[in-house]
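A single chain, nothing else alongside it, follows as structure tokens in the form predicted alone.
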Amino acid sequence: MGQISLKSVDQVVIKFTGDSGDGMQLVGNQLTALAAVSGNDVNSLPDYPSEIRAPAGTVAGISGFQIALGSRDIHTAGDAPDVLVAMNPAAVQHSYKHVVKGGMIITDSDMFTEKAMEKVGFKSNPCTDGTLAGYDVKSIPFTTLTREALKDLDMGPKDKDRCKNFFVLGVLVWLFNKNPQDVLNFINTKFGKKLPKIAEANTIVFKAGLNYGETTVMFQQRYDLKAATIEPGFYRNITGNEAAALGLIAAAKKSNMQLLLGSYPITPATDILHEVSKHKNFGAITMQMEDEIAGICAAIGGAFAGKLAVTTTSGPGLALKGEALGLAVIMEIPLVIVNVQRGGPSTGLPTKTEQSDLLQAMYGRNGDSPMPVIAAGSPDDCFMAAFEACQIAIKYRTPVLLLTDGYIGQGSCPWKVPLESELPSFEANFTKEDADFKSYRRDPETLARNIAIPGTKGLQHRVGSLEKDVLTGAVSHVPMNHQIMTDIRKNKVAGIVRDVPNAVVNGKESGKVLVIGWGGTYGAVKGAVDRLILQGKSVSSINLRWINPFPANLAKIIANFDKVLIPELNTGQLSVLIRSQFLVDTVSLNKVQGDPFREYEVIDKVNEMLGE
């Protein structure tokens, strides 16, 4: 066997593709965790079909998982894969054109039967007929080798074949020079007690994969990826949905309130409900209701009763909650609505990401019903965005809409776990005794109204969907009272700008092009603009975390640039808001393909605007 060299890289992008039962999500998550443990910066992008089980071996049934590992800051899951693991001909057909030229394609050669290839339009084997010319193709008989490794184990053929993803993982752990003990620990933790035979099988197969990488002459290089330079602290890998759930729980603890989550399962938001339900030791209450309307109404009831109330959903669910959102606005109660956006309209693309609920979040209610809107920019940012949404909801007695999306909700990255002492405490300050209690008397600065928990002696009051008297809360149809109440609700939300941090410019404070990102576009915009700045281009960027209200310094920043580019995973919804509020002729970069931006797409558009 020849000498195997180490290939030093500062970033590598890997994509796993296979049938839904091939375990590609598990392998991807495991390699992500391994890379994070070894100190790499990581960003991942799960990609799977919405059908419960599309026909096996078809392109429609392919499940994918892309990760970028780096020894430097990583902001996205990468533009194009350097390494593609494709478990069958359909997976090759699905993804090979996206691999960088000269990149590696690893396949299960056992799966390239005549029937399987014909099913996806290959007339002959793409690994040998020149289709994959220009790529470094590694055809490995994963199925045969897995069965051989498990020949002495008393398991059925199907059960043995389900273990081949751990053979793949063994090869990759060797290829990317990661610590195999971390995988063995994972197998023992996940399967050891409940499914000891599965644990034994996966262990055997994983070690066989490692040995294959070590002993075969197929690979001449291994990847050498140094640890990234990161701020000292305790880190864990986290998805956006997990981070949002933990942010809500942390907010409940720091406000000394009980968290109540009323929700209805919907992709891709359901994981927040799952995660919160795991933490009942913190007193969290989860209520899986019969539909979206019941979910938010349960949360409104919780808010009325003094809980830190939250409901979670995705696009079509937010539409169903519309009337109840208006109820929360007119009742002026603290409520957080987490909307993990997906492709629409209607049920649209349930498992694909999009940012097309922005205008629904801003205006999707009857009447003038303003609501604060905050958008998380990355999986780890979902923690503080959720925490901040709770702070604002409690302080201003208002529902707050938190927007994430499928990309950052299901994607993952390393997260520096904050100390409890690093998080601010905040109090609900419910009225407990007041001889002259008026439920709509307000704090003169925040315009937040008085709230007394029902049952508090002497503080009986009325709430509901009808307009209320500006002071007493009694039902009022007086025309001027409605004018005053409408203006107060509008001014209260506008006044939240006092708590909104100024936008921070990435790059110079003035120049030719300003790129404005929001939500899940943050990573692609930041990565692209960083690369353009290194090339000496006159371009800067900002990320809008708060969209209603906008940061106070946004108008001044925009005025310092010749042109403004707004990339969005919709047809230009933030552009509409920026144009209407600041009278700026923005340039839109729009994409609605169920797929996040790649850095090169932003770079190409900026260069076009610069005339280059």
Partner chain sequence: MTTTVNEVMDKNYFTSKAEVKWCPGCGDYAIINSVKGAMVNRAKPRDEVAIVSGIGCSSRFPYYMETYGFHTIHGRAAAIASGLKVGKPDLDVWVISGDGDSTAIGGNHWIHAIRRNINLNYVLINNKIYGLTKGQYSPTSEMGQITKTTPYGVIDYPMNPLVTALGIGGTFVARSIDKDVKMGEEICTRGANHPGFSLMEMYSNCVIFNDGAHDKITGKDKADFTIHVQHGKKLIFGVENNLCLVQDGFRIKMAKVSDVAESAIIVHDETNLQLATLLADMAPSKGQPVALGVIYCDPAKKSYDFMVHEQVQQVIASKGEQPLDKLLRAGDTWTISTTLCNASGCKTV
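Numbering follows the first chain given and starts at 1. Please read these numbers as outputs of a predicted model, since none were measured by experiment.
Another form exists, predicted in complex with its partner chain; not displayed. Remarks below refer to it.
Note which of V505, A428, A298, I187 lies within 4.5 Å of its partner chain in the predicted complex, where distance is taken over heavy atoms; exactly one does. Only one option qualifies, and that one is A298.
Could you spot which one of M155, V500, M289, L210 gets a heavy atom to within 4.5 Å of its partner chain in the predicted complex? The option sitting close enough to the partner is M289.
Contact stretch among 321 to 329, 337 to 345, 402 to 410, 123 to 131 - heavy atom within 4.5 Å of its partner chain in the predicted complex: Partner-contacting stretch among the options: 321 to 329.
At 4.5 Å between heavy atoms, is G283 in contact with its partner chain in the predicted complex? Yes, G283 sits close enough to its partner chain in the predicted complex that at least one of its heavy atoms falls within 4.5 Å.
Y235 within 4.5 Å of its partner chain in the predicted complex, heavy atoms: Yes.
Taking 4.5 angstroms as the cut-off for heavy atoms, does L26 touch its partner chain in the predicted complex? L26 lies outside the contact set for its partner chain.
Would A54 count as touching its partner chain in the predicted complex under a 4.5 Å heavy atom rule? Heavy-atom contact with its partner chain at 4.5 Å: absent for A54.
Counting only non-hydrogen atoms and a 4.5 Å threshold, tell me whether A228, G302 and G458 all contact its partner chain in the predicted complex. Yes, because A228, G302 and G458 each have a heavy atom that approaches its partner chain to within 4.5 Å in the predicted complex.
Just give me the residues of 382 to 403, first to last, that have a heavy atom within 4.5 Å of its partner chain in the predicted complex. Read in sequence order, the lone residue that approaches its partner chain (within 4.5 Å, in the predicted complex) is F383.
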